[in-house]
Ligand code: GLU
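Just the one chain here, the form predicted on its own, laid out as structure tokens.
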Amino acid sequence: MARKFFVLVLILKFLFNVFVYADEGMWIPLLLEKYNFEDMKAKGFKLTAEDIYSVNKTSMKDAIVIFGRGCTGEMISEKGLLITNHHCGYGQIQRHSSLENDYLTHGFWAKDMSQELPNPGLTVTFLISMEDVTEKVLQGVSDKITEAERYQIIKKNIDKITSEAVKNTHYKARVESFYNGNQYFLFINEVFEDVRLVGTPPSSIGKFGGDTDNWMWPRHTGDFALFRVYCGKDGKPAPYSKDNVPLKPRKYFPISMKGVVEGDFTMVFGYPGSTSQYIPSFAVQEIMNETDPARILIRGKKLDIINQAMESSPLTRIQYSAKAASIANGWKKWIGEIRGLKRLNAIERKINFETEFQKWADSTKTDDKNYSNILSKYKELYAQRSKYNFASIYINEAGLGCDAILLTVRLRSFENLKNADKNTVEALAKEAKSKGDGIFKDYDEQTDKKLFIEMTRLYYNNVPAEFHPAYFSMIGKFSKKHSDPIVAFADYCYSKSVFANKARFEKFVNELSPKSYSILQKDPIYVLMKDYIAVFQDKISNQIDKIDYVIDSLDRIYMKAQMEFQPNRLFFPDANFTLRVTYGQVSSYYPADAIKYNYFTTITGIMEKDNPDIYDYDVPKKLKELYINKDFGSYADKDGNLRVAFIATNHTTGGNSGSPVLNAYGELVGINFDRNWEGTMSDIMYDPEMCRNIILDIRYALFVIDKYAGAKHLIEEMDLRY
């Protein structure tokens, strides 16, 4: 019996070394056939690897874009129509909104192309090709050079590679490292800069459930928005112009009307942002015990203030809605991340792995290879890093955490006012007007002052005095006459600073001259900002950069060592906002004892959550009428239900928002928009039992476009497969 158990342990150990979890991983599409394709076929995929990625013919990768700077989108018509998440387009929707035209509350649908709204600064990026350039990047690199020399050689090689790659073309190139600098790929991209808003549901659909439902399952959010990509008449990227024409993409996705059932193959194709699967236990401890708790505390205080302000005024709700969503997204994610890591005993599991790794490293040490001191170096470095990491979080999240200070950060170019000539003053005034307009459009002075008070209090009480800005000495002066010196400090700052009040700021900018420099040096918020920046640069940034520089080089060596330690294991590279494929299956899960979460939700759940007294749960009247009349059209499932969302085991992260979710035939079945709360730790440690990605059923999006919005002309552009 004992021998059989021992053999079983060996078999299980072998399987662990050979495979990652069945649905874990974010894979490079160029290398699918080499590593993953047989597994994909076994799970049900019906097409070829070249259908996914090809440089010789049109493939799925040609229908996928980087939307803006942090999301994914996909083409769904031959007329440049693009779908992504409502929360990805939220900033654009908010900027087009006003009390007169509140598109956040009421939605927006262009009746034809002439009504589509331009979005200055918004881009979409298509991948043209990718290529392994590791050998070229590392040319001239050896074990005998210093890390600084290595960095310079690699930078020079990358500059040469990217320059040559796009010479005499309109394309853009970038080289990204994989496996912490052990492999490099060249990406050739085409960037379009005329992207127009076509349609968005009201927030009561597109953001239904708000921050309460964010990161949660079951989910009932119609998280989508439509945009259109325009180009010059030659089909190439062009700045916005009324003469531009809709882009005819190389590829767009057909849309499946069949839906999904439990066990169906699903593939997410998009741009995952960042993961840290291979970090040591010391890094996980820092995240769980220092980084996440500090951010959660600070952002929780911000949300308390902002949410109270939004509830008191319709205008403030519009002004602060995008800010609140951004703040809350990370806040809730980090809470779930800590919970998940604790449940998985992540630190203990990392330590157990490191114990075995250390035994191997000690036993394989030779003259030309020595990994035995990696973990001891990590321990020393993370111990040194702790206080600087804590102070850095507080400066970025709290110290610079209100709009008046943010405006001063964006206008540090005002330092050039001293002895400035006429042209410089005019340029600075133009810049200030532009950045001031951007801040004050979504600014409420009393709300910002409350944020300033709370953020200053947190920083003053929680951060060691060695990292306090010099201007905090004013708080000590106020303490002699006021029961709450921080409130008195805020009163002083907001009554005196030109950056805290729109009228004072505009007057200052209109009268800008070299003499204005002396005013700035006495402006309390400007002085405070400069002191914060000085603390960061002189006492934090320099120290943390030195430590992180060594950690980065150690990460490269540790990654290489792990791959040597487990030669039969299939390692996927951490996400780095490059195009990846992740695949899995539609699957229910059990979040807790005796609780099962089904794999899909329906419109009935929306009606069950309806609450007119809560903005995020106030179901639109027309949606209720469609539900009562069961007017779901061809978008209902075979049982007559209208499905809203479903879940699968695809390994996703930030950046995958808006990614296409495809069935075994490469047809669009949904739009990825979130992860479940129990699985938010998957950036660090994946759990196949709990990790689920949350997907908008494409049929619900089509139902909203057609039946709710009456925008059938958009449906007619699409290729629907029944």
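Here the structure is a predicted model, which is why all the values come from computation and not from measurement. Heads up: residue numbers just count along the shown sequence, starting at 1.
One more form of this protein exists, namely the form predicted in complex with this ligand; it is left out here, but the text below deals with it.
- This chain is displayed alone, yet in the predicted bound form one of P29, G68, G654, G666 has a heavy atom within 4.5 Å of this ligand; that residue is G654.
- With the partner left out here, this ligand still marks one of 47-55, 670-678, 33-41, 60-68 in the predicted bound form; by a 4.5 Å heavy atom cut-off that stretch is 670-678.
- Taking the partner from the other structure, this ligand in the predicted bound form has a heavy atom within 4.5 Å of a heavy atom of W215.
- Under a 4.5 angstroms non-hydrogen atom cutoff, this ligand in the predicted bound form has H87 among its neighbouring residues.
- Although this ligand is not shown here, in the predicted bound form the stretch 558-576 places no heavy atom of any residue within 4.5 Å of it.
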